[in-house]
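Just one chain follows, in the form predicted alone, and it is written as structure tokens.
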């Protein structure tokens, strides 16, 4: 048995004492963990040390690169198209990938969206698309390249060969209270994204009650860390900080979110879904070298819808097939008149999960027809007796617990203060942070004003 060049205890102690781990030792540590030389207990101790002492920018770059090197890298060269990916940190009603990928692809850009499934109160893109009869998430690397070459957009499951060390490390973080560590979280997200081999990357980093990082300042720190990681790795990267205090759009679930995405592709849909889809599309098209492209026009004239239909057919789905319908529904109505001033995103996400739209464990099945339709959103006037939202499930026995999670989750006042704020709060690129220019002057920013 060959003698290892470094000692795991020395690496752990360096980080425990607040020092930086030199690049050779850190690369060895990740590789040795992947080979089973570094034990789970040792990696857990290292992760906790990072949680308390952080990592420098170069350390995070090295950690991310080492995780990528534990597996394969996708080769997307030779497609004849610029390649731009998008990643969202997840939220409630976040169906943006569905209209965004074909919209950007309609301009000749390759969009490789390797996505995941939902767990808990946040939904999964693959679960939504699996509502479409025949559609399949599992593609080989050759099929991904073929679909990108022919259709421009692919939304599929990430293969097991991408960043395998991250899967083991995440499992340890999940049971040791270190998931929220920004260096570890950033390296986890970016290792998989960079392993896909895109030319550029746009990040949708959310804050608010329905987001993974609820605090705006922590979301900003995560976004800045990931932008730096992308740029340091030679991938042009931009992040938008977006508000997930209320559910996105008017649907929460799987099949109903697909219906809403198709509405957007047809030139309609909720204003906030359109707003965020276009904001992300403009960033992606700009990074692809198309700064003058007009994504709103592609929604109006049918190009985006054509790209959607081609994308769905390319993965075995029938874009014209009927989507699953729920067996049972229950509508909640307003007890007073006024203005809807609050919808707690996390509470509605938990409620949809209890209806069967999400899962508690990775191997649980989801009910594709389960979910919630919102009849009123923040800023809407309501009258006593108006329908506020409708719960959908395959079993009416799920309604009581779903309703219990919504107690106190919405607020109706006599008048609204300032209206609904835009979804996009700020933008971060290699040059720094800037509040979104479209935000109304009378709406308080969750971040310090001005650029940095």
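Keep in mind that this is a model prediction, so the values were computed, not measured. Positions refer to the first chain, counted from 1.
A second form of this protein, the form predicted together with a small molecule, is not displayed here; the remarks below concern that form.
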Checked 115, 151, 341, 188 for heavy atoms within 4.5 Å of the small molecule in the predicted complex; positive is 188
Students should find that, of 309, 282, 250, 173, the residue having a non-hydrogen atom no more than 4.5 angstroms from the small molecule in the predicted complex is 173
Of 314-322, 189-197, 226-234, 350-358, the segment with heavy atoms within 4.5 Å of the small molecule in the predicted complex is residues 189-197
Original post:
Even though the small molecule is not shown here, does residue 212 get within 4.5 Å of it in the predicted complex, heavy atoms only?
Top reply: yes
